[in-house]
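What follows is one chain in C-alpha coordinates, specifically the form predicted on its own.
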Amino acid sequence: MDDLTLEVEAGDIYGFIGHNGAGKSTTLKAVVGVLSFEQGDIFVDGHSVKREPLACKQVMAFIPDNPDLYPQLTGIQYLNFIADIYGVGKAQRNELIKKYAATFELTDNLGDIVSSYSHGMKQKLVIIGALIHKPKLLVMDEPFVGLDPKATYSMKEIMREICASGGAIFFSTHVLEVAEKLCNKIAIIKGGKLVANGVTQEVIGNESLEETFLELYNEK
(Lines give C-alpha, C1' and ligand atoms only; values in the text may rest on other atoms or scores of the structure.)
Protein backbone atom coordinates (compact mmCIF):
# COMPACT_ATOMS: atom_id res chain seq x y z
CA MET A 1 0.00 0.00 0.00
CA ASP A 2 1.21 3.50 -0.82
CA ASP A 3 0.32 6.27 1.64
CA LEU A 4 -3.33 5.24 1.98
CA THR A 5 -5.39 7.67 4.06
CA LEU A 6 -9.09 7.09 4.72
CA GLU A 7 -11.53 8.11 7.43
CA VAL A 8 -14.61 5.99 8.07
CA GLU A 9 -17.01 7.89 10.33
CA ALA A 10 -20.01 6.82 12.39
CA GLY A 11 -22.98 6.29 10.09
CA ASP A 12 -20.84 5.55 7.01
CA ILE A 13 -21.36 2.64 4.66
CA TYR A 14 -17.97 2.95 2.96
CA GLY A 15 -17.36 0.89 -0.16
CA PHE A 16 -13.80 -0.12 -1.07
CA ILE A 17 -13.49 -0.82 -4.79
CA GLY A 18 -10.65 -2.21 -6.90
CA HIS A 19 -9.63 -5.05 -9.21
CA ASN A 20 -8.14 -8.33 -7.99
CA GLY A 21 -4.71 -7.71 -6.51
CA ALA A 22 -5.25 -3.98 -6.01
CA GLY A 23 -4.72 -4.25 -2.26
CA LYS A 24 -8.28 -4.38 -0.90
CA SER A 25 -7.98 -7.53 1.20
CA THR A 26 -4.53 -6.50 2.44
CA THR A 27 -5.93 -3.18 3.63
CA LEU A 28 -8.92 -4.75 5.35
CA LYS A 29 -6.75 -7.32 7.13
CA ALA A 30 -4.44 -4.53 8.33
CA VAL A 31 -7.43 -2.62 9.71
CA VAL A 32 -8.60 -5.59 11.77
CA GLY A 33 -5.11 -6.55 12.95
CA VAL A 34 -4.68 -9.75 10.94
CA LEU A 35 -1.74 -8.33 8.95
CA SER A 36 0.98 -6.13 10.41
CA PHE A 37 2.19 -2.98 8.66
CA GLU A 38 5.44 -1.03 8.91
CA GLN A 39 4.54 2.61 8.37
CA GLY A 40 1.69 4.77 9.56
CA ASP A 41 -1.07 3.75 11.94
CA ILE A 42 -4.74 2.78 11.99
CA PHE A 43 -7.11 4.06 14.65
CA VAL A 44 -10.42 2.45 15.57
CA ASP A 45 -12.66 4.38 17.96
CA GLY A 46 -9.60 6.35 19.08
CA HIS A 47 -7.41 3.30 19.71
CA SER A 48 -4.27 2.37 17.76
CA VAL A 49 -4.37 -1.03 16.02
CA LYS A 50 -0.61 -1.26 16.57
CA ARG A 51 -0.49 -0.32 20.25
CA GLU A 52 -3.95 -1.32 21.49
CA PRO A 53 -5.06 -4.23 19.30
CA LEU A 54 -7.43 -5.75 21.86
CA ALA A 55 -9.23 -2.45 22.48
CA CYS A 56 -9.74 -2.15 18.70
CA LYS A 57 -10.94 -5.72 18.26
CA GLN A 58 -13.46 -5.37 21.07
CA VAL A 59 -15.42 -2.76 19.10
CA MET A 60 -15.21 -4.23 15.61
CA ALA A 61 -15.89 -7.40 13.67
CA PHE A 62 -14.40 -8.87 10.49
CA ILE A 63 -16.13 -10.97 7.87
CA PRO A 64 -13.47 -12.43 5.52
CA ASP A 65 -14.09 -13.37 1.90
CA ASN A 66 -13.66 -17.07 2.69
CA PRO A 67 -15.25 -18.20 5.97
CA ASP A 68 -12.75 -20.31 7.91
CA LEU A 69 -14.70 -21.99 10.70
CA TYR A 70 -14.27 -24.80 13.20
CA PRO A 71 -15.75 -27.77 11.29
CA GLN A 72 -16.13 -29.99 14.36
CA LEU A 73 -18.47 -27.54 16.14
CA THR A 74 -22.20 -27.18 15.61
CA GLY A 75 -23.51 -23.83 14.46
CA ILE A 76 -24.79 -22.90 17.91
CA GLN A 77 -21.52 -23.99 19.56
CA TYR A 78 -19.61 -21.71 17.20
CA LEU A 79 -21.87 -18.74 17.97
CA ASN A 80 -21.63 -19.32 21.73
CA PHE A 81 -17.83 -19.59 21.41
CA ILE A 82 -17.69 -16.19 19.66
CA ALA A 83 -20.08 -14.69 22.21
CA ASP A 84 -17.87 -16.00 25.04
CA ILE A 85 -14.78 -14.40 23.50
CA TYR A 86 -16.50 -11.00 23.43
CA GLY A 87 -18.06 -11.44 26.87
CA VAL A 88 -21.62 -11.19 25.52
CA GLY A 89 -24.25 -11.92 28.17
CA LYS A 90 -26.77 -14.74 27.80
CA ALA A 91 -29.74 -12.44 27.21
CA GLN A 92 -28.10 -10.45 24.41
CA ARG A 93 -26.60 -13.46 22.67
CA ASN A 94 -29.84 -15.45 22.78
CA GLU A 95 -31.83 -12.50 21.47
CA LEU A 96 -29.45 -11.77 18.59
CA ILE A 97 -28.88 -15.42 17.65
CA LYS A 98 -32.64 -15.96 17.50
CA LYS A 99 -33.15 -12.76 15.48
CA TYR A 100 -30.38 -13.24 12.92
CA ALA A 101 -30.77 -17.02 12.57
CA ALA A 102 -34.40 -16.40 11.61
CA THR A 103 -33.38 -13.57 9.26
CA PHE A 104 -30.90 -15.81 7.43
CA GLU A 105 -33.09 -18.95 7.63
CA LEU A 106 -30.48 -20.83 9.64
CA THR A 107 -32.51 -21.62 12.76
CA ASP A 108 -33.13 -25.26 11.87
CA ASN A 109 -29.44 -25.83 11.10
CA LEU A 110 -27.81 -24.43 14.26
CA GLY A 111 -27.62 -27.91 15.79
CA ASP A 112 -25.82 -29.31 12.72
CA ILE A 113 -22.04 -29.75 12.45
CA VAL A 114 -20.42 -26.85 10.57
CA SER A 115 -18.62 -29.30 8.24
CA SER A 116 -22.05 -30.20 6.83
CA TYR A 117 -22.84 -26.58 5.92
CA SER A 118 -22.78 -25.28 2.36
CA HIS A 119 -20.57 -22.26 1.56
CA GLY A 120 -23.59 -19.96 1.78
CA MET A 121 -24.62 -21.35 5.17
CA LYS A 122 -21.08 -20.86 6.50
CA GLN A 123 -21.17 -17.28 5.27
CA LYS A 124 -24.44 -16.69 7.11
CA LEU A 125 -23.02 -18.22 10.30
CA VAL A 126 -19.96 -15.96 10.13
CA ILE A 127 -22.22 -12.93 9.66
CA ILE A 128 -24.30 -13.84 12.72
CA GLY A 129 -21.10 -14.36 14.73
CA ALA A 130 -19.83 -10.95 13.64
CA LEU A 131 -23.02 -9.21 14.75
CA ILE A 132 -23.38 -10.91 18.13
CA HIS A 133 -21.44 -8.28 20.11
CA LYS A 134 -22.99 -5.28 18.31
CA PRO A 135 -19.72 -3.97 16.79
CA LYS A 136 -19.23 -0.25 16.22
CA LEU A 137 -17.22 -1.01 13.07
CA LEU A 138 -18.01 -3.89 10.74
CA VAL A 139 -15.24 -4.71 8.23
CA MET A 140 -16.18 -7.07 5.40
CA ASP A 141 -14.37 -8.56 2.41
CA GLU A 142 -16.83 -9.36 -0.39
CA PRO A 143 -19.72 -10.01 2.03
CA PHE A 144 -22.31 -10.83 -0.65
CA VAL A 145 -20.36 -13.69 -2.27
CA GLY A 146 -22.16 -16.98 -1.61
CA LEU A 147 -25.34 -15.35 -0.32
CA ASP A 148 -28.67 -16.05 -2.01
CA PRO A 149 -30.81 -13.07 -3.10
CA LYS A 150 -32.95 -13.06 0.06
CA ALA A 151 -29.90 -13.18 2.34
CA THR A 152 -28.24 -10.44 0.28
CA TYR A 153 -31.28 -8.22 0.76
CA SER A 154 -31.31 -8.97 4.50
CA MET A 155 -27.59 -8.20 4.76
CA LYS A 156 -28.07 -4.81 3.12
CA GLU A 157 -30.89 -4.00 5.53
CA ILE A 158 -28.72 -4.99 8.51
CA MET A 159 -25.92 -2.76 7.21
CA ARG A 160 -28.31 0.17 7.06
CA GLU A 161 -29.56 -0.59 10.59
CA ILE A 162 -26.01 -0.65 11.98
CA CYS A 163 -25.22 2.74 10.48
CA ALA A 164 -28.55 4.25 11.52
CA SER A 165 -27.69 3.32 15.12
CA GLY A 166 -24.30 5.06 14.96
CA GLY A 167 -22.09 2.22 13.72
CA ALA A 168 -19.94 2.18 10.60
CA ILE A 169 -19.18 -0.27 7.82
CA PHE A 170 -16.08 -0.58 5.63
CA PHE A 171 -16.31 -3.27 2.99
CA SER A 172 -14.90 -4.36 -0.33
CA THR A 173 -17.07 -5.56 -3.19
CA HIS A 174 -16.97 -6.27 -6.90
CA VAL A 175 -20.72 -5.70 -7.20
CA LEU A 176 -20.54 -2.07 -8.28
CA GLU A 177 -24.28 -1.62 -8.73
CA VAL A 178 -24.87 -2.63 -5.11
CA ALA A 179 -22.07 -0.37 -3.89
CA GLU A 180 -23.46 2.60 -5.80
CA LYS A 181 -26.92 2.20 -4.27
CA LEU A 182 -25.82 1.22 -0.77
CA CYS A 183 -22.73 3.29 0.03
CA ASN A 184 -22.75 6.93 1.06
CA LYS A 185 -18.96 6.97 0.49
CA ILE A 186 -16.67 5.18 -1.96
CA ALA A 187 -12.91 4.65 -2.22
CA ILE A 188 -11.31 3.30 -5.40
CA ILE A 189 -7.88 1.72 -5.18
CA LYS A 190 -5.55 0.91 -8.09
CA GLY A 191 -2.17 -0.79 -7.70
CA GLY A 192 -2.06 -0.04 -3.98
CA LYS A 193 -2.80 3.66 -4.51
CA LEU A 194 -6.00 5.52 -3.73
CA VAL A 195 -7.24 7.05 -6.98
CA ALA A 196 -10.62 8.38 -5.80
CA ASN A 197 -12.55 8.66 -2.56
CA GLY A 198 -15.32 10.65 -0.95
CA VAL A 199 -19.08 11.00 -1.03
CA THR A 200 -20.41 8.53 -3.60
CA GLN A 201 -22.29 11.06 -5.72
CA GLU A 202 -19.30 13.41 -5.79
CA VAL A 203 -16.97 10.59 -6.87
CA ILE A 204 -19.17 9.38 -9.73
CA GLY A 205 -20.74 12.71 -10.81
CA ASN A 206 -23.26 12.17 -13.59
CA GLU A 207 -21.91 8.72 -14.43
CA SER A 208 -22.48 5.30 -12.94
CA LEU A 209 -19.93 3.83 -10.53
CA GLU A 210 -19.10 1.24 -13.17
CA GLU A 211 -18.30 3.95 -15.74
CA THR A 212 -16.22 5.92 -13.23
CA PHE A 213 -14.35 2.80 -12.15
CA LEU A 214 -13.50 1.78 -15.73
CA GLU A 215 -12.36 5.30 -16.65
CA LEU A 216 -10.01 5.45 -13.66
CA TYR A 217 -8.62 2.01 -14.43
CA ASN A 218 -8.03 2.80 -18.09
CA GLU A 219 -6.02 5.92 -17.24
CA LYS A 220 -2.26 5.47 -17.47
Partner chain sequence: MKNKLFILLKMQFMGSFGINKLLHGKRKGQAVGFGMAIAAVLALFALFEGIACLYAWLFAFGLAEAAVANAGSLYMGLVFLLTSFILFVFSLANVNGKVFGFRDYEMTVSLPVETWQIAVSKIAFLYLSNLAATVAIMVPFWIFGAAYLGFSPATHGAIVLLLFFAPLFPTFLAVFFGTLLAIATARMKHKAAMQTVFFLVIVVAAVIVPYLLPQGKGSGEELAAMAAVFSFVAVLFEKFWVAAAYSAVSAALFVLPCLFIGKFFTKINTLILSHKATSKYQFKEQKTASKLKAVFVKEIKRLFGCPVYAMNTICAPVMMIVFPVIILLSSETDFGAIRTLFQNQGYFGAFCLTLVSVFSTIPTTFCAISMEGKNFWILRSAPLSVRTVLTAKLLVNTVIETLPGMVITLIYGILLGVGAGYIAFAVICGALLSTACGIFGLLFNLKFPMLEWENETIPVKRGKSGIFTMLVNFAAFVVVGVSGWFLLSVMPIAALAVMMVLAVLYVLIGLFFLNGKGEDLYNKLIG
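Positions refer to the first chain, counted from 1. Because the structure is predicted, anything quoted here is derived from the model rather than measured.
The form predicted in complex with the partner chain exists for this protein as well; it is not shown, and the discussion that follows is about that form.
K.L.:
Could you tell me if all three of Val44, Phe170 and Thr212 have a heavy atom no more than 4.5 Å from the partner chain in the model of the complex?
P.N.:
Spot residues vs the partner chain: no contact at all.
K.L.:
Could you tell me if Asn80 has a non-hydrogen atom within 4.5 Å of the partner chain in the model of the complex?
P.N.:
Heavy-atom contact with the partner chain at 4.5 Å: present for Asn80.
K.L.:
Any of the heavy atoms of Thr103 lying within 4.5 Å of the partner chain in the model of the complex?
P.N.:
Output for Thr103 is no: heavy atoms all beyond 4.5 Å of the partner chain.
K.L.:
Give a yes or no for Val32: in the model of the complex, does one of its heavy atoms lie within 4.5 Å of a heavy atom belonging to the partner chain?
P.N.:
Looking in the model of the complex, residue contacts with the partner chain include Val32, since a heavy atom lies within 4.5 Å.
K.L.:
Examine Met140 and determine whether its closest non-hydrogen atom to the partner chain in the model of the complex is within 4.5 angstroms.
P.N.:
Contact with the partner chain, no.
K.L.:
With the partner left out here, which residues of 73 to 102 have a non-hydrogen atom within 4.5 Å of the partner chain in the model of the complex?
P.N.:
Result: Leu73, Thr74, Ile76, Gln77, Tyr78, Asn80, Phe81, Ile82, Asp84, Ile85, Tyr86, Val88, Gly89, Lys90, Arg93, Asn94, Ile97, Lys98.
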